[in-house]
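In structure tokens, the next block holds one chain alone, the form predicted alone.
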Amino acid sequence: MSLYPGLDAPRTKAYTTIWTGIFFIGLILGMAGLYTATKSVDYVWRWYQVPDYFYYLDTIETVSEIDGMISGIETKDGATLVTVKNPGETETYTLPTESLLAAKGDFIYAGDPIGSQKKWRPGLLLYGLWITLKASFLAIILALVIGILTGLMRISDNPALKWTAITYIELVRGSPLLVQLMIWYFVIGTLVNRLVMDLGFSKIPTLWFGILSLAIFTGAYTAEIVRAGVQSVNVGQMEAARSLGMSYFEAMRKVIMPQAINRILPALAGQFISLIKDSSLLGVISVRELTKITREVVTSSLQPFELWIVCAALYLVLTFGFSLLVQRLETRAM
């Protein structure tokens, strides 16, 4: 029997062709309108400079660390070994042959360039993307653990566990993430780092306070999703598992949670996609994630249109990729 009578009737080929054509016509018109709008703006587009913010060829100068005379230049395996010597010490530097700027017998001072070499380096946007990926991945893992534990506490018969979970959920969901970031960084972070430094350890990096704030904020919403998923499983499933001799925790692990997780995957995906986008707020506590890096590059390059469009596209790649991963998990779980 159909769940959607009248909505799942077979469609003709003409019907599919017409509506597919309407979609592409709308897409083309939208792109044409966007192109026309960009042409009407008095702005010089410099897309050719954008790749340099992902990966660029850097020229690295090799400078002498000591005062002295170049006592030897030896070429070996396509590289040149330059030896700088004075009465008290000797230093040897390896350089590409074609970049050598000094000759044997020259006297040089500390800080003088001897040569240079070119090396590919990751750009600022790639660095910001990596920080966003790292923060989002770790926050998702922590939020999932917090959410599952808190969700199970929320439906527990133990009053202490239940009211602890309710208090946490309501407190976290009742204030904006930006405010919580400020509290974690300026209040909790200051107190924790002061204690850590008094014990003789180094300060905890700012990134970890950002990850914790993201995880705790998302964990509250995840807990309610988990609670709803567990309660959506028919109570008879638990009774059947207990009648087979399973303990409560064994029944939850083997019977209830697998069914609940399968049902809540779409909601979890939406929540974690929001977490990835919320990671852009970490810039307010000086974490150089993708949005903050983009803002820095825009300030120095005066290319707001190209860079903000690229920034949005990178977030789209992250969120869309995560969405595809969750869809694949849903397919395998069915």
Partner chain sequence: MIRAEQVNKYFYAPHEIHALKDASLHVASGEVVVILGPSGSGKSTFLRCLNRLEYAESGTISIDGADVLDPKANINTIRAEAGMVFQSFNLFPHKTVLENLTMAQMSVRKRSKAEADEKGMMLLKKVGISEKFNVYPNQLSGGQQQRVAIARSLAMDPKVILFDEPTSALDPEMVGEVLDVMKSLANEGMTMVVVTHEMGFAREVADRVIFMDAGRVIEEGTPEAFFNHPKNERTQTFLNQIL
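Residue numbers count along the first chain shown, from 1. Given the structure is predicted, the values throughout are model-derived calculations rather than measurements.
The same protein also exists as the form predicted in complex with the partner chain; that form is not shown, yet it is the one meant from here on.
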Q. Which one, 122-130, 248-256, 188-196, 212-220, holds residues whose non-hydrogen atoms are within 4.5 Å of the partner chain in the predicted complex?
A. 248-256
Q. Can any non-hydrogen atom of K134 be found within 4.5 angstroms of the partner chain in the predicted complex?
A. no
Q. Heavy atoms within 4.5 Å of the partner chain in the predicted complex: does A102 have any?
A. no
Q. Should E89 be classed as touching the partner chain in the predicted complex when contacts are defined as heavy atoms within 4.5 Å?
A. no
Q) Do S156 and the partner chain share at least one heavy atom pair within 4.5 Å in the predicted complex? A) no
Q: Quick one: from L171, V179, L244, A110, grab the residue that has a heavy atom within 4.5 Å of the partner chain in the predicted complex.
A: L244
Q: Quick one: from A160, A240, A79, V145, grab the residue that has a heavy atom within 4.5 Å of the partner chain in the predicted complex.
A: A240
Q) If you look in the predicted complex, which residues in 222-236 sit within 4.5 Å of the partner chain (heavy atoms)? A) G236
